[in-house]
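To begin, one chain is listed below as structure tokens, in the form predicted on its own.
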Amino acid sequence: MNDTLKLILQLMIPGLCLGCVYGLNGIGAALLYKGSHTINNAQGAVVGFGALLGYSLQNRGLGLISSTIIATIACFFVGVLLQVGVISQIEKKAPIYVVIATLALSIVITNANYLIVGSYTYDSAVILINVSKYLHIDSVNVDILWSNIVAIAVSFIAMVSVHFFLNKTKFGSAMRAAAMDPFAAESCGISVVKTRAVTWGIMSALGALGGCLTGPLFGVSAGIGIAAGAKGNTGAVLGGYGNMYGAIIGGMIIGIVETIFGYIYSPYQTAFTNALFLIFILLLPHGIMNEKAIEEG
């Protein structure tokens, strides 16, 4: 019994941690699609940029918490600038080109990351509590990284904060109104341009937060965010594209399933996960939350 519980903990905790990171990216993808029917292919590159920025700040003497906060805030403004300076200008000319533009941005940002730091993987600071990086559970004799536990906790706090912001603040209500009907929102005095810029900012900030949280677990590299961004989008589709809560659930499922398949046979971990995703979408085309945003868009 103890061996079974030990195995479950060893698989579920890292799986939940990955799922939380995918969920953070999925929330941004869902908010963006709901608000502007746009897919951001540059999210993974922004995740990598945020992780590298956090690591650079650590090298300059800042702690893990301080560097993560600064990197997250900085990437919020990066997202706003990308939307205002690039995406909104392209939308005015040909909205269909936005997806291609974000793909181009992804290539530019990722290659800039590689140009600056190279292809190395750097060791980020790890989370220590009582001078130990592990939580030891005596009853099942298992060690769990504090970095995993903290990443899960911080991710949930971020998710709850986004929920509170969207549902309990005036600007959050304006964002939801602009997402439901931009033309009606404009007629009521809501700036759709501003709400979309903030949506991009939130998406980028959540991605950077996820990148900084995974740094202590997998190291930091220029390409660290590519998989997280893609799987965040996948989780959003799995949950029901355009539904924030579905994106969280979808991200969790992908993280846990990926960890389990990695334990069973790691060389085909990604292939197994994507195959399961395709089967799931064939059976539930609107996702777990039965979101019909794709059809309506």
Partner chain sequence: MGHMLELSDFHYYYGQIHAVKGISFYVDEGEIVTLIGANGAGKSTTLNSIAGLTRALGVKGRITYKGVDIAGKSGHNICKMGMMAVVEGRHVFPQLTVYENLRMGAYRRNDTKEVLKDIEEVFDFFPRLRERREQMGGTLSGGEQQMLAIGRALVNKPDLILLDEPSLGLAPIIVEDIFRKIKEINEVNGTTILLVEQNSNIALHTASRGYVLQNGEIVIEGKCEDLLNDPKVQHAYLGLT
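Residue numbers count along the first chain shown, from 1. These numbers were taken from a predicted model, which means no experiment stands behind them.
This next part talks about the form predicted together with the partner chain, which is not shown.
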{"property": "Proximity of I190 to the partner chain in the predicted complex, heavy atoms at 4.5 Å", "result": "yes"}
{"property": "V99, heavy atom within 4.5 angstroms of the partner chain in the predicted complex", "result": "no"}
{"property": "Proximity of I152 to the partner chain in the predicted complex, heavy atoms at 4.5 Å", "result": "no"}
{"property": "In the predicted complex, A185 touching the partner chain (heavy atom, 4.5 Å)", "result": "yes"}
{"property": "Listed range touching the partner chain, judged in the predicted complex by heavy atoms within 4.5 Å, from 219-227, 177-185, 67-75, 135-143", "result": "177-185"}
{"property": "In the predicted complex, the residue from Y114, F156, F171, F164 that sits within 4.5 Å of the partner chain by heavy atoms", "result": "F171"}
